[in-house]
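Have a look below at one chain only, the form predicted on its own, in structure tokens format.
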Amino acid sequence: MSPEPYDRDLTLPPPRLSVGAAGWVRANLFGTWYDGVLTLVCAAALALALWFGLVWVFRDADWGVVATLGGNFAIGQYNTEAACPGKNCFWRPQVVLLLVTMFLGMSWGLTKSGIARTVAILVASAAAAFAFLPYSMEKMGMDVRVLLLANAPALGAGWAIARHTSMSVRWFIILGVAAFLLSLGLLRGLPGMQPVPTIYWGGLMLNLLLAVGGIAASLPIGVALALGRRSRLPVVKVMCVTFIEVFRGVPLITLLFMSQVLVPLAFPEDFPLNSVARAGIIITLFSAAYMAENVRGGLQALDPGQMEAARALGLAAWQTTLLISLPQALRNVIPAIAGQFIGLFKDTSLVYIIGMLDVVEIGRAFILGNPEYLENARELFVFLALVFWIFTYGMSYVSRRIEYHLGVGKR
């Protein structure tokens, strides 16, 4: 009898230590003897730092200074008796927060993207969670808590408006600009309302206002400067180059000092220009100069053949720039643009040098004015560092998700 055919697969599985998590650890952390030693030393140092850090955070640190400052971190001196007689202006920043949450919901409903959904839900949830802080009713009344809880339905209302109306991106941008201007007017005091001088604006509210305004304005200004620097018109090119090099060559601190003298010269003598507007103008122009170079780098990285093909198809120069070159350039420099926006947000803390109480200066002034809290300076500035990290990491996360969806770095 002939033997039966032997049809079993003789392929052996790979060794367990060469695949999966164990394989990655062996290849990347213990590939050689000196890799193993370095890994063990770094792991021991990290474990010690983590242990002592957690012991300090949960046992030794006194976080009472954060609770003592409380709402001052958010709005500074906005609702004090000097700024708002009667201290009944607390609801204005919270209404602005409701507008922000609503527009985040509208962006979620309009784009239907996971990024917008995640950001919108996190912001609305965090704002609503602040209503449950363990403060007494005298320090945080029920009206404040209700307005904070209203962020959850505001998110749903924004989502429903975008999903059940014929809203376009153009109208979303128009409504966003109108809401920003309305927010500024509401904080300053609309006709018939008690005005709050901008000298009392402070806290995280001030940082966010300067950052949002600077980000929204510096990108189009930077794009225009980049295109102007590449222009064939000598006058336009020289003006753009001069602007970019001047603002890139002078420190932001110096420009902020100069804003108190130079910016008013560009407006009529009786024009009402406050310190917040001056700081916003300078921060925007400073960021736009760097943004222009980022965009110019993206434009120069494009293949010249694309412009030649566009001209061969009969497209005008402006059509080639707006429809072909600029979208690809902006896509390629998304990491640089996100980095510039993050730097702009952190640079808003420099406005303290012109007498404005941003969130960092609020904490520093409180420590200097209350010697009994000098020992808690570490806790205070660790908390402030965490606040800035949350916002900057959020911007970085959104940037990475946009890069992934647009296929940046892929062909």
Partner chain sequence: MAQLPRTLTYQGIPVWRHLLVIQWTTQIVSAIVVVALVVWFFANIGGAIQDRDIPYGFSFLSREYQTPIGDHLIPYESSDTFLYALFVATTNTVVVAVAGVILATLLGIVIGVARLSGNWLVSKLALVYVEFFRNVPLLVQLLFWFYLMLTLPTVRDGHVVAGRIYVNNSGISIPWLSGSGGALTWLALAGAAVVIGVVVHRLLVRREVETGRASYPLMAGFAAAFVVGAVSWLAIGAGGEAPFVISLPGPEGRFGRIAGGFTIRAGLLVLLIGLVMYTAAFIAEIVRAGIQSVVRGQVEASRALGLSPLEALRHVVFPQALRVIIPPTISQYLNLTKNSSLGGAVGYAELTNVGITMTQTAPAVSIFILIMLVYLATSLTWSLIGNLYNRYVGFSWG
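We call the rigid core the largest set of C-alpha positions that still match within 1.5 Å between the two forms. What you are looking at is a predicted structure, and each value in this text was computed from that prediction instead of being measured. Residue numbers count along the first chain shown, from 1.
Keep in mind that the form predicted together with its partner chain is not shown, yet the notes after this line are about it.
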Answer range among 117-125, 149-157, 104-112, 248-256 for contact with its partner chain, defined in the model of the complex as heavy atoms within 4.5 Å: 248-256
4.5 Å heavy atom contact, Leu190 and its partner chain in the model of the complex: no
Arg296, heavy atom within 4.5 angstroms of its partner chain in the model of the complex: yes
Non-hydrogen atom contact Phe341 with its partner chain in the model of the complex at 4.5 angstroms: no
Contact test in the model of the complex: Ser168 vs its partner chain, heavy atoms, 4.5 Å: no
Heavy atom within 4.5 Å of its partner chain in the model of the complex - the one residue of Phe180, Tyr290, Phe90, Phe130 that qualifies: Tyr290
Sequence-ordered list of residues in 195-219 near its partner chain in the model of the complex, where near means a heavy atom within 4.5 Å: none
Rigid core superposition, Lys139 Cα moves 2 angstroms or more between this form and the one not shown: no
C-alpha of Pro335 moved at least 2 Å between this form and the one not shown on rigid core: yes
Per-residue C-alpha change between this form and the one not shown, Ala301, threshold 2 Å, rigid core fit: yes
